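Single chain ahead, by itself, as C-alpha cells, in the form predicted alone.
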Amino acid sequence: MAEELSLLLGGAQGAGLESSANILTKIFGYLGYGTFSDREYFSNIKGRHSYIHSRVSSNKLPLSLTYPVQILCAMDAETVFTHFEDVEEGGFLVYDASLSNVKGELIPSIEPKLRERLKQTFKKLGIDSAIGSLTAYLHESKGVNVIALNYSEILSELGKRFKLLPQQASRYLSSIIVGAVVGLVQLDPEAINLAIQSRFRAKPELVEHNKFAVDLVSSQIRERYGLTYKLDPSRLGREEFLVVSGNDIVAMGKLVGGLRYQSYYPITPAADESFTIESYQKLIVDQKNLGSAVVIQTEDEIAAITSAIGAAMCGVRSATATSGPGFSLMVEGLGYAGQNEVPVVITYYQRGAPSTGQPTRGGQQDLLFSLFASHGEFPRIVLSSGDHEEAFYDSIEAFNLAERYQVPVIHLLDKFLANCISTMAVPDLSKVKLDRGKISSKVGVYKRFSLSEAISPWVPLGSDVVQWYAGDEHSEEGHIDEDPINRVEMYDKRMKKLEIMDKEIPPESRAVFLGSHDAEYLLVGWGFVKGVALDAIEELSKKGLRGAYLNIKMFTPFPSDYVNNVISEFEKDKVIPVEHNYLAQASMAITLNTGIKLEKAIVKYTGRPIYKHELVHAIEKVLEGSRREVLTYGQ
C-alpha cells in the first residue's frame, strides 16, 4: 500500500481534460484524501497539448507536486511523447492502442525544440519514433505497466448503448482516462457516482453516459490486466474539506470580506476569479436589499482600475483583478489612488513575462514592478499569499489594510496558485475581522486631506459633504495647490503612513518563520514557493538535514528588523532564496531594506512550477557549494 499517488492526465486543449480532473479530484475528496492539482496548457483555445498533474495523499494535505508520476493517462499521442520520461519505474501508462504506429516527428503541434530532443533521445535509446516502440522500451527497461485500450471501440460501445452519433460519442474521450484511474486505484463506486453527479447534475443524460463509460473502462482494466495501484485509505480524519482553485478561494475571501464592486478586463489567469464572483452576483437594489457584489467587465484595464477607484471613493469595498499586461495599463490609475488616498485593492496574478510573455504559464517576475509601479512616491501595501488558505484570509485583510490606512493594496498571487486545485480545511470564520478604518459621517465643512493627522477621517462620496479630488497636488480641502510649503506638508502626510503601518502591522504577520531555529539552512521565499519549500525541507529531514523556511508575505512596508534577525541566525552561505524569476527579486528587496546581500539562489523561470524532487536536489547542491541553481524540469 502507498501513502501517495502522483498522476498525469494529458490531451489536447478543449478535449475535456478539465472535466476529467474535476471528477477525479472530487472522487478523492469524497474519500477524504488530500489532493493538489496543477493545470498546464498552451495559450490556445483548442488543439495544443494540455495536462493535469496531480498529487494525492492519504496522510497530509499536499502543497506541491513532484515527479516521477505513478500513473500517466494519455488521451492522444502527443501526451505519450511529451511525458513518457515522467513515468516511474513500475508505474502505469494508459494510452490508445490505435496510436501504436504514430511517430513523433509527424505530430505538428509538438514544439520544434522538444521534437529535436525526442529525436536525440530515441537515437540514444536505439528505438524508432513510433509509440509502439517507445511503449515496448518502457515496459522492457523500466518495468512500466503498459495498458493499451482501444478508445474507438469503447466510444463505439457507448454510442450503441445510448444511440449516439460518432461525433457525440467522441465527446466522452475524457471519461476513458477517468475510468482508467478508477480501475487502477479501485476507487469506491459511491464516490464515483457522487463526483459525476456533482459535475453534470444539470444534465442527467450526461451523468448516465459518463457513469457507463467509466464503469466500462474500469472493468476492462480489472478483467484484462488485473493491475492495481494500492493507495492507503485516508488517515486525515476530517469530515469537511474544500476542494477549490486559487481563483475560487480568492473570490470566496473577497465576498466574505465585504466586496461590493469588482471590475476586470478578461485576462489569463485573473478572469476566472471575476467569473466566480459574478456567479454569486445579485443585482436587486432597494432600501432594504442592497444586493451583493457587482461585477463589471470594462472596456479595458484603465477603465477597470479607475471605476474601482470611483467605487472605493463612494465607500464600498472595491477591487480589480488583473495580470501583468493589464497591471501595466493600470499604473497611472494606481498613482491617482495613491495621490488621493483611495483604499482600492488590486488583485495581481503574475504570469510569464515580459510583454505577452507566457499568457498561460506562471512566474514571480513582477515583484519589483509592483513595489515601484507608477511615477512618483506614495505609500502602498504589497501583500503576497503562499497557498490557498493564506489567499483566503489575505483577500479579506487586503480590504482591511486598504481602508485602515487609506492606501492602495496590491495583492500578489500568480498563475500557479490561480489554477491549482487544492484540498484545504474549511476557513474558520471566527478569525475574520472587518476593519473599515476612519469612516466618518461628518457634515458641513470637511477637509478630506486634513493635515491634523496622517490618516484623515474619510467621508464617502454621496454623503452630505462637499469635497474635491484631483490628480494634481491639492490642499486639505482637495483643491489644486502648487504652493511649495503645501507640497511638502501633503507629501509628508502621505508618506508618514509608511511609518504608521510599519509600527502597527505586526512583523510576524509580514514575514513568517516556519521551522526550528537550530536548523542547518534557511530557505527564503514568497508566494507559491511556500508549499514546495516546506515539502522539500520535510524530504531532506529524512536524510538528516534540518531546514527552515522564511515566508515573506509583505514587501511594503517591509519587516526589515524581523527579517534581519531571522537571517542573522544562520551562516550566510546557508541562506538560500528560492524564487520563480531570474533575478531573485525578493532577495533584492531584502538587500534594499536590510543591507544584507544574499549570495546564493535557486531560481526557475520556465513558466512551470518548482517541483519537490528538483528543489531537493538543488538544495543539496547549494549546500555542497553551488551558488546558483537554475531549475528547468517539466513540459
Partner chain sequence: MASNPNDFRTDIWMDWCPSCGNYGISAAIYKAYAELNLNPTKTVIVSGIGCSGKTPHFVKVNGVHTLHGRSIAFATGIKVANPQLKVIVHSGDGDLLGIGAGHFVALGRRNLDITVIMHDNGVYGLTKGQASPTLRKGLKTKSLAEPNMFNAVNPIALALASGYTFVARGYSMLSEHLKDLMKSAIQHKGSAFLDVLQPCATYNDIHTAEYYRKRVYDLSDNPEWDPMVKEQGREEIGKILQAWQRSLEWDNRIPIGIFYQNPKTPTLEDTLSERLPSYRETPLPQQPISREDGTPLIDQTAFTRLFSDFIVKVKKV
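Numbering follows the first chain given and starts at 1. Because the structure is a prediction, the values reported are computed rather than measured.
There is another form of this protein, the form predicted in complex with the partner chain, and it is not shown here; the text below is about that form.
Although the partner is absent here, W468 lies within 4.5 Å of the partner chain in the model of the complex, judged by heavy atoms. Although the partner is absent from this view, R115 stays clear of the partner chain in the model of the complex, with no non-hydrogen atom inside 4.5 angstroms. Contact between L31 and the partner chain in the model of the complex is found at the 4.5 Å heavy atom cutoff. Put simply, K493 is far from the partner chain in the model of the complex: not one heavy atom of it is within 4.5 Å.
Site annotation in the model of the complex: the residue of F212, F200, Y229, Y336 reaching within 4.5 Å of the partner chain with a heavy atom is Y336. Checking D248, E390, E397, E341 for any heavy atom within 4.5 Å of the partner chain in the model of the complex turns up a single hit: D248. Not one of S355, K542 and K604 comes within 4.5 Å of the partner chain in the model of the complex, counting any heavy atom. With the partner left out here, the partner chain still marks one of 431-439, 92-100, 554-562, 141-149 in the model of the complex; by a 4.5 Å heavy atom cut-off that stretch is 431-439. For the partner-free chain shown, nothing in 39-69 comes within 4.5 angstroms of the partner chain in the model of the complex, judged by any non-hydrogen atom.
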